[in-house]
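Consider the single chain below, provided in structure tokens and representing the form predicted alone.
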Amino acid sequence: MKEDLKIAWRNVWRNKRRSMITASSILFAVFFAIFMRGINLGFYGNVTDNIVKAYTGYIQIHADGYWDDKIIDNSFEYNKKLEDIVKNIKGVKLSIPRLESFALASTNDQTKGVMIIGTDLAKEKRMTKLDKKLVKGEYLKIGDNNAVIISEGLANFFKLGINDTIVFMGQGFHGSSAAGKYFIKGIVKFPSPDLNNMMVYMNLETAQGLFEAQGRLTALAIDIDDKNNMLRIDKELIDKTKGMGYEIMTWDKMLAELDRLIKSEDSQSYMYIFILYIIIAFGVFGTVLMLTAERKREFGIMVSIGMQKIKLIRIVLMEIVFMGMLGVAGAMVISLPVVYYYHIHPIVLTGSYADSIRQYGFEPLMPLAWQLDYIITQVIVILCFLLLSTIYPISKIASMKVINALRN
């Protein structure tokens, strides 16, 4: 076996041009497979992070039935027991208490429906980076009980600026009247037109006072340290809160339409990857076919001087594996720095495509995913194609007639 390895390695470099063509075809195959899959995973991963970290969090806790009927009467009382359960689950990075409800906003003779979110603004800043969306004014602080932050579209609709007042009217907990007047301390801008035309933020205690819902929440949004831990944390929360009257929902259940869209687009990307694999398979097979055809006389001579066919097959297989390893190694050297660079510095989309992405509230960026699993998968798939392509030279050597090979 050791002798066969030596012969195979020498044969690889005996015809450098042929070996480099074979290794190069494998190198480009692996590189394009990794790059293309990296774009798909990176883009959809970025979309998910945009929507999850912009608002929902990876997981939310509600009272049973709240998601189907989002009214303030379906809120729940936030207690230390639930707080401790969430805090003690490994992988939970942050939990944000929120009280959300719709109300009518009014100023002068104009009114408009708005979404009021009472939240822990210090925690909100850590997950959703709400303070980075400020275009005017200041971020709310603890104690700003008569102040609100409103979205830019809402400010433009009412023609309001910093320190102007706005009135909210609605229905509070258990049918109580909710009404209050607040001054505008900050204005934020959201990429999504829907959010930009209706959002109002205030301190959690202020919202609880407005809606007569002291100590109550409509949602507890949870951010986690690694999205791969989401299902494990979700299951643990369900187990530990069983029978307590809560519903635990991951982002893909809350945003089912977005999840279906992403999965549909991902399915299409698999089709493109499949087409790429077919092209790659023919390319790899073509190089092996060329290698076999060029060496037909050489194989005949080696068998005629006494080399067993099984030994010759073994040497040829080793040669192809060596060339495959050279191609994969070269692909790793080229592709990993490229993938990492575009992971840190995403491709910035421009034009109408970028505008359409902004309409959904996403950043027009296309980062490449930096994940070991899909990189290894692409390498394995290409090597499988390479091994399948060895069936041809094996069958040719096994069925080779020495006289015909020598005459070639």
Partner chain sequence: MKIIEVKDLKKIYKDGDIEVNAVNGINLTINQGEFVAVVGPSGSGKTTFLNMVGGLDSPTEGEIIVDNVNVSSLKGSQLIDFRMNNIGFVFQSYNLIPVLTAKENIEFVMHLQGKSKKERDKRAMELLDAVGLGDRADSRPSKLSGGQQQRVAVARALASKPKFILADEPTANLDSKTTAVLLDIMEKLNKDENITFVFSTHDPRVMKKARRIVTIEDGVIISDNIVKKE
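Residue numbers count along the first chain shown, from 1. Owing to the predicted nature of the structure, the values given are computational and were not obtained by experimental measurement. Rigid core here is just the name for the largest C-alpha set that superposes within 1.5 Å across the two forms.
Beyond what is shown, the protein has a form predicted together with the partner chain; the following relates to that form.
**Student:** If you check in the predicted bound form, do K16, R314 and M318 all have a non-hydrogen atom within 4.5 Å of the partner chain?
**Tutor:** Not a single listed residue reaches the partner chain in the predicted bound form, so no.
**Student:** Although the partner isn't part of this model, could you tell me whether A281 comes within 4.5 Å of the partner chain in the predicted bound form, counting any heavy atom of the residue?
**Tutor:** Output for A281 is no: heavy atoms all beyond 4.5 Å of the partner chain.
**Student:** Does any heavy atom of I305 come within 4.5 Å of a heavy atom of the partner chain in the predicted bound form?
**Tutor:** Close contact exists here: in the predicted bound form, I305 approaches the partner chain to within 4.5 Å, heavy atoms only.
**Student:** Against the partner chain in the predicted bound form, would N11 count as a contact residue? Criterion: heavy atoms within 4.5 Å.
**Tutor:** Looking in the predicted bound form, residue contacts with the partner chain include N11, since a heavy atom lies within 4.5 Å.
**Student:** Do R297 and the partner chain come within 4.5 Å of each other in the predicted bound form, heavy atoms counted?
**Tutor:** It does: once the partner chain is placed as it appears in the predicted bound form, R297 has a heavy atom within 4.5 Å of it.
**Student:** Mind telling me which stretch in 229-237, 297-305, 203-211, 151-159 gets its heavy atoms within 4.5 Å of the partner chain in the predicted bound form?
**Tutor:** Looking at the other structure, the answer is 297-305.
**Student:** For R297, decide whether the Cα shift between the shown form and the other one is 2 Å or greater, given a superposition on the rigid core.
**Tutor:** R297 C-alpha, core-superposed: shift of 2 Å or more.
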